[in-house]
Every structure is written in C-alpha cells, then in structure tokens.
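For reference, the chain that follows is the form predicted on its own, supplied as structure tokens.
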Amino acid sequence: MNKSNDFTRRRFVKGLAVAGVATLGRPGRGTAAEKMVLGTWGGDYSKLLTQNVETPILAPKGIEVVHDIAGDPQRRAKLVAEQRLPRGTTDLQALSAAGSREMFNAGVLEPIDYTKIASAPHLLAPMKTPFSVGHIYSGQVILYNPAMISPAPTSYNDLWDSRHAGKVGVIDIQYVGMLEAATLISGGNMENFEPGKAKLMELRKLNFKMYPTNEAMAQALKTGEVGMCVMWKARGVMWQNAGVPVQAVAPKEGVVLYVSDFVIPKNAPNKAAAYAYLDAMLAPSAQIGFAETMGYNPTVSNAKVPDAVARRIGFTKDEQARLLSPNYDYIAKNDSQLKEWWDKIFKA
C-alpha cells in the first residue's frame, strides 16, 4: 500500500483504543447576521447535520448555515473550478475520505489548524489529517432481508449467486463501494480495482436493480423490491430504526472502512465560521446524535455511546481483524476514469 496513505488498519484499530475525558471548549460567538455555506450531500445526512449540529449548537451562537447540496463528485468538480477565485462559494465541504484526499492532491484545501478546534485533542488518530477532520465512520457490509435471502450471505460472492437473480440492488452513487466489493472477489486489492470491472459486468446478467440514492435503496428494501445490497453498516442501523427489515453481515473478504470528512477550501470566505462548525460537529452531543439516529461511530473519544447502540454500530474483534483501509491516493487518481467506466460501460 502507498506509504502516503497513513490510514492503515493498524493505525485505525490503535486509534479506536484511545480514550480521554476533557471539557469541550467553545469557539468564538458569531453575530446575529453571520452566515456560512456548507457543501454537503442531501437527504438524511443534510437533515441530521441540521438536527444534531446546526440547530442546537450553532444557531444559539448566531451562526446560520446554508446547505449547498450536491453529490460528492459534483462538489469536488466545483471546488477545482473555483480554485482561482479569490473567494469561493462554500466555507466548508463534507466529502468522503477519498474525496478529501483527491482535493488535497489538487491543492484546493486549507491546512487544518487544530489549535482552533477545542475538541481536537479527543479526535481518534485516523480521523485527523493535515487537511481533513473526520466526522463519522463505519464499514462496508452486506445488508439483506432474511425473508428474501436465505441462508444469510457470508461473502460478496453471494450477490452473484444465481439464486438471488433479481433480488440484488445497486446504488448509483456508491460506485466505488461496488467496485471494491467486486474487486475483493476477483483477485484485486485496494490498489487495483481493474479485476472488479469484469466481475461487475457479470452482475448485469443477473437482473440487478439500480437506484439513484441511498434513500431510494432503503425504500426498495422496505417494500421487498430487492433483498440485498452493499452498504455501510451505519445505514443498515438507520434503516432498521425506520422499519426496514434488514440484517448486516461483515463479508469474509474484509470490511472496507468509510469515513465522512470535513474540509475547508483555501478560498473559503468565512473560515472562522468553518472552524466553529468543525468544533460543533465534534461535540459529544452531536456525535452521539449521529450514532443513535444514523448508526455511525463517533470520531472522538469523549462521545460515550450507550452500550446497546455501540453493539449495533460497531464491529467485533474478529471483524476488526478484517478491516480494510481504502487506498485514498489510488481512488483519487482513478476516480474520474472509474466513474466514466461506471456510467458509460456498466450502466449502458
């Protein structure tokens, strides 16, 4: 694996063991008219940011947050297009860890000054990079409806089982995750997704169903239109809370980590508000809120999630031993061609 990718499984597991207790500091108060723009995904993520971070923590400080909603690829393209402007259109961006690395490599991100984030001492080591702050994390699993898929799947290969033809769902925006799954059963690895392309083409013969968003997949699973998909365990917990009849299985090939990062564009107009947001999103109350409502693990050591919730959203020792770190440099370098292949070949 590329040495520049320090988000290794060893470091991750070590980071999970870090614990500490301290008083959460407070960023400077904003004025009543102060606004900031956050680039983020829509749907549940946007709603929960408002519910757990913005309304309870930032609004009382006089900071009004406007969401600039779009997909990760579209917002990354916008960041690059705006990099020569003295003032960009967003103050903070929520990206996948792979997207953050790509934007760092493109030279459009502000280095993070952790002295401006009172919660920084509580960040788990893998969630703290020179250019990004980890918000939440989970791992990629197989979600399945026991009433439709029996016996329970144990491997990504089970999605390609002819017995499940017509029952497998694929999420359009999760093209990297599907490529990772197909790669792991085709002789590839986190530095080479090419073997996964041929495997995905085989899936086309099994009458899979494509859905544009995570929310659309949840609805399809709830109605029984499909019975199995690849998704983060966190989403599975969230969907269970909403009455979707799914269970999660950590595939034997490995559990690929997923991290949602926040980054500051170099030309962000309101960097002070961006830092206030970073501190607010790391507050224990906000982190626990995401754990309980969306099923993601906290990225700070002082967010004490209830034991029952921790068991649902976390991973056993055996599963931790199978944690796989994405090679973010590989994904960043190849994302454009992977997306083009997905759109023009796989989906054709």
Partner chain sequence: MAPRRSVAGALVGPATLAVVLGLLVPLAILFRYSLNRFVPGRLMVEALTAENYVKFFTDPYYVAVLLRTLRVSGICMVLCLVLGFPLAYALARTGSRWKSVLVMLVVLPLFVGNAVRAAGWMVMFGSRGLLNTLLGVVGLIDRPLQLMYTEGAVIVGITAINMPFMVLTLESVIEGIDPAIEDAAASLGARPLQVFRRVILPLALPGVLAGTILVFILGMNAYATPILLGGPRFQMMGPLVYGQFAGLNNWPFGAALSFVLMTATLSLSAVSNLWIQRRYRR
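Positions refer to the first chain, counted from 1. Small disclaimer: the values here were computed from a predicted structure and weren't measured.
Separately, the form predicted in complex with its partner chain exists; it is not shown, and the next lines address it.
Is its partner chain in the predicted complex near all of D158, K199 and F315, within 4.5 Å of a heavy atom of each?
Spot residues vs its partner chain: no contact at all.
Do E102 and its partner chain come within 4.5 Å of each other in the predicted complex, heavy atoms counted?
Looking in the predicted complex, residue contacts with its partner chain include E102, since a heavy atom lies within 4.5 Å.
Mark A332 yes when one of its heavy atoms lies within 4.5 Å of a heavy atom of its partner chain in the predicted complex, and no otherwise.
Heavy-atom contact with its partner chain at 4.5 Å: present for A332.
State yes or no: in the predicted complex, is some non-hydrogen atom of E191 no more than 4.5 angstroms from a non-hydrogen atom of its partner chain?
Flag for E191 set to no.
According to a 4.5 angstroms non-hydrogen atom cut-off, is Q74 in contact with its partner chain in the predicted complex?
Answer yes; at least one heavy atom of Q74 falls within 4.5 Å of its partner chain in the predicted complex.
Please pick out the stretch from 303-311, 66-74, 280-288, 49-57 that is in contact with its partner chain in the predicted complex, where contact means heavy atoms within 4.5 Å.
Selected stretch: 66-74.
Looking at S162, T115, S150, T223, which has any heavy atom no more than 4.5 Å from its partner chain in the predicted complex?
It is T223.
Name the single residue among Y211, F262, Y258, Y275 that comes within 4.5 Å of its partner chain in the predicted complex, judging by heavy atoms.
It is Y211 that has a heavy atom within 4.5 Å of the partner.
Would you mind checking 168-202 for residues with a heavy atom within 4.5 Å of its partner chain in the predicted complex?
Residues within 4.5 Å: D172, Y175.
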